[in-house]
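The chain that follows stands alone, in the form predicted on its own, written as structure tokens.
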């Protein structure tokens, strides 16, 4: 019996690592292919029938990365994306945090219903809001400006992040802040000094989600920025490296890798807190 127990345990462990390994391989394959394509020469890349697309048939080259930095405004695109992302994150935290805290502390089911209504705003497709948003941008005089995106992006990051933080604040017991208020803190002081430190995983989750939403957004960026000096990376790279029916695939892959690597590193550094922010937000207080 002891032998069967250990054999079963070893078999489960082997199968677990095998299945996880398959999923990891499946997830890593696109990134591996991106790296291979980014360093392929034109002769190697443009002859897939004779050359294996998954390996270097000819010596790798960095010409396409040099082209990306010297022949396009790639660094400007990155800088614009960082400015837009950081600004939107700060605006989102400024509005979403107190809104989520207020909804979480409303008595009865009113807060939950209002939270759901706010989240429904996030589900409205950007294509339906394109015309009224363009009128707003024209009215404030921000045509062809990255600051138009800073003004527009919080319209979908704030509702989503409010709903996300709402669930997290509900998981924090009210007794903690009530005790702080007994000790002399005001409602704002109790939230700032007691509740927010406990909500750090939720705040990091909001930061990651709102920043990633700004990086992925394409419709507003394409519509409201036309010059290269104002474009974020989501639009700048595609418009500069896709010219008619000519696709600069190696440079496109290189641009994606350069942006993805630091984001992946930061994401993994805060992975535990990020997961905690997602899971604890689903627990009712």
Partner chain sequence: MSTVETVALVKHYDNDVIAVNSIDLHIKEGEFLVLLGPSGSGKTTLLRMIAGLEKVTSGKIYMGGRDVTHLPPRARNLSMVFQSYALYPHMSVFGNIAFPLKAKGLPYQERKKKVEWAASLFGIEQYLQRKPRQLSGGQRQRVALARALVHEPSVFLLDEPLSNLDAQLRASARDEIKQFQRRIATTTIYVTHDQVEAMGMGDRIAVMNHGNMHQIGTPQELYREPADTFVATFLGSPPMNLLNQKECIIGFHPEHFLPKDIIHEESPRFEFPFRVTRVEYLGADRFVYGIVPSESGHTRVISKIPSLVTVPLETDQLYTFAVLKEDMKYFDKKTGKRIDPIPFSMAVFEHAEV
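Numbering follows the first chain given and starts at 1. Just so we're clear, the structure is a prediction, and the values are computed from it rather than from any experiment.
Although not depicted, the form predicted together with the partner chain is the subject of the following passage.
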What is the one choice in 179, 127, 144, 71 with a heavy atom within 4.5 Å of the partner chain in the predicted complex? 179
Looking at 83, 133, 212, 198 here, can you tell me which has any non-hydrogen atom within 4.5 angstroms of the partner chain in the predicted complex? 198
Using a 4.5 Å heavy atom cut-off, indicate which stretch of 144-152, 204-212, 94-102, 171-179 touches the partner chain in the predicted complex. 171-179
Quick check on residue 119: any heavy atom within 4.5 Å of the partner chain in the predicted complex? no
Are any of the heavy atoms in residue 114 no more than 4.5 Å from a heavy atom of the partner chain in the predicted complex? no
Although the partner chain is absent from this view, report whether residue 194 comes within 4.5 Å of it in the predicted complex, heavy atoms only. yes
Classify residue 186 as contacting or not contacting the partner chain in the predicted complex by the rule of any non-hydrogen atom within 4.5 angstroms, answering yes or no. yes
